[in-house]
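Given next, in structure tokens, is a single chain: the form predicted on its own.
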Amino acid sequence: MIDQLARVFEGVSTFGQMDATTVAIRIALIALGLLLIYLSAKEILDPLILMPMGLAMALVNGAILTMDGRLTNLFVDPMLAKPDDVLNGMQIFFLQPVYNLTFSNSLIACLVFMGIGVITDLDFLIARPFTSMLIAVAAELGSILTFPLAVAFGFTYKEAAAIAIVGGADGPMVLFTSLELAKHLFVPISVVAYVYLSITYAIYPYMIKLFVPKHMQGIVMDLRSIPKVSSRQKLAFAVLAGTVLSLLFPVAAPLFASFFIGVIVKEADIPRYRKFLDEVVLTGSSFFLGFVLGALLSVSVVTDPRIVLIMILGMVALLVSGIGGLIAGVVTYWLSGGKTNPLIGIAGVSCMPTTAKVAQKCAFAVNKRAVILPFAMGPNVAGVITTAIIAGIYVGLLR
């Protein structure tokens, strides 16, 4: 009778086939998934990605069964490598086709980048390229300094680069770099990155209060000082920038192509394409990104002892990048004679448009007349480009 119940309720019975530590981790992952759903529903975290991620985490760690003598699930198996195994897996695991056809070749990152491109405003970047790029480069501090730190902790150069790129705060770039350089660590690095990026709303405001004096936070910037940039100029910039960057960093060309095609669709004012990229491609790819990442985060992945180090290094990368951006923001404040609000520095961390919104929210909290979002979008877009460049350098050198 007990054996029959065990076969019927196999997800429950598999707890008895695990040691105490694995059982505790499995229960913790289910609880964490439910917590992500709750926080997303309350809009404390970004619901677009983290709600499906939380749901998949809870379900995949509950739905563990025995197959061919080992514990597994029927969602996805990222470790399949041989052609026959991949083909069989696509007939067994229901998310395997999505993973093999969009994740393992970085297509999902490119689709997200297309959607990001179509909601990107280039005005301030083109009007003030020096200011935007200065901030964006400084905000890559975490992507650079975390690399030797990760190597010092025992990671290989490829693994260290994949972890360090979390400091760029750009999810698609993390996916691309980790899949190219450290596919075996793709899941923990990507999940850590997306969870951390969703809590920047909570962390960066405290950093701003710590590093930027209050009287600087509420500086009002003159919106009339932004020169008018025509759609034709923005189209020309997108074409030239995409071509030059692809020429210099061909390994990252798919990302540049995806981003700038989105920009071109926006600036060419093609309503049908724009709506498709925004409401279908960006929303759909973000949903499947979250759901598949959650399904990949099974108990077997988290038992890797290095995941705690990855979590620590990922947080260090984001914090150091935020500090670098704020320092550059203060520098631009002094260079402009006090006319630039230094909070636009945090927008150089390229989680677009999240960090630009953080800058605006913090400025507005101090001064209701401080409208800095249009200015913050320049470093924000420049941050996307610089993160892609650094990812291209890492992959080009270490692949």
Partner chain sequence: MEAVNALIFVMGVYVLTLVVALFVGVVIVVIRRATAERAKPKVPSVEEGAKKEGAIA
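Worth saying up front: this structure is predicted, and the values here are computed from it rather than measured. Numbering follows the first chain given and starts at 1.
The following text describes the form predicted in complex with the partner chain, which does not appear among the structures shown.
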- Query: Among 90 to 98, 178 to 186, 269 to 277, 140 to 148, which stretch has residues whose heavy atoms lie within 4.5 Å of the partner chain in the predicted complex?
  - Reply: 140 to 148
- Using a 4.5 Å heavy atom cut-off, state whether Q233 contacts the partner chain in the predicted complex. yes
- Contact flag, R306 vs the partner chain in the predicted complex, heavy atom cut 4.5 Å: no
- Message: Quick check on F130: any heavy atom within 4.5 Å of the partner chain in the predicted complex?
- Response: yes
- Item | Distance check, F237 to the partner chain in the predicted complex, heavy atom within 4.5 Å | yes
- Three-residue site T386, I390 and Y394 fully in contact with the partner chain in the predicted complex at 4.5 Å by heavy atom: yes
- If you check L71, L80, I126, M311 against the partner chain in the predicted complex, which one has a heavy atom within 4.5 Å? I126
- Task: Check each of F75, Y157, F211, F287 and return the one that places a heavy atom within 4.5 angstroms of the partner chain in the predicted complex.
- Result: Y157
- Contacts with the partner chain in the predicted complex - residues in 234 to 256 whose heavy atoms fall within 4.5 Å: A236, F237, L240, V244, L245, L248, F249
